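A lone chain, given as structure tokens: the form predicted alone.
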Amino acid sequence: MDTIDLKPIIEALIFVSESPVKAEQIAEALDVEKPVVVPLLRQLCSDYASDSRGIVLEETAGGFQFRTRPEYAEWVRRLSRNKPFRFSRAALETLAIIAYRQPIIRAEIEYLRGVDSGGVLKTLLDKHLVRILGKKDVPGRPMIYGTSRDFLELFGLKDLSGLPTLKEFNELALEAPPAGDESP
């Protein structure tokens, strides 16, 4: 099969998938080697990034997925009439602790937060943002938690190395105006 013919097929495969598609899956569907698919995926990402389209092709959660451009979020929201997903402060704290400290057990999460986190943890599990990685080999065999592929997908991360560092957080805090300051 000529590589010119593969780009639109790859595009179609990604378009119909509900979740990010891995290069290996595409290669298997096309009956070609992964090294044939990867440069074509990069070209497609570049094509969508440079065109003035409403969507982009991004590498996220270990695969590739079409996503709407952030600047068009308001119109997409109007069409779907859905409110954007909002995290409670407790859920955001718990998710951040798990993301940065994984693998982690509930007792460690609760120690860091200073409060019971059972309900919040259950909600994050129900939303598939956190998953159980196994059980720790200590008395009581507590469950070990980590983030899921859905977490990576929701936050548009290729992998956990895409999480901001503490230094980046501090730089953002320095750039942000103080609370109550109305200057631009």
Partner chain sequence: MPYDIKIDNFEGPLDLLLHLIRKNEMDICDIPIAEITGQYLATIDAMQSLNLDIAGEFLLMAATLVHIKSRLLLPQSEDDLIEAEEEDPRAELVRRLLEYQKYKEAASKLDSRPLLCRDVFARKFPSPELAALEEDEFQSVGLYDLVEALRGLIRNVPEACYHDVTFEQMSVTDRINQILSQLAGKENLPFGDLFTPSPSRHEIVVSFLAMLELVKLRMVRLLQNARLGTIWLFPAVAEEHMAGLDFDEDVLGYD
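Every value quoted in this text rests on a predicted model; they were computed, and no experiment measured them. Positions refer to the first chain, counted from 1.
What comes next is about the form predicted together with its partner chain, which does not appear here.
Trainee: Answer yes if any heavy atom of Q43 is within 4.5 Å of a heavy atom of its partner chain in the predicted bound form; otherwise answer no.
Mentor: Heavy-atom contact with its partner chain at 4.5 Å: absent for Q43.
Trainee: With a cut-off of 4.5 Å between heavy atoms, is A61 one of the residues that contacts its partner chain in the predicted bound form?
Mentor: Heavy-atom contact with its partner chain at 4.5 Å: absent for A61.
Trainee: Are any of the heavy atoms in K34 no more than 4.5 Å from a heavy atom of its partner chain in the predicted bound form?
Mentor: No, K34 sits far enough from its partner chain in the predicted bound form that none of its heavy atoms falls within 4.5 Å.
Trainee: Which residues from 35 to 68 come close to its partner chain in the predicted bound form, meaning a heavy atom within 4.5 Å?
Mentor: Stretch hits, in order: Q65, F66, R67, T68.
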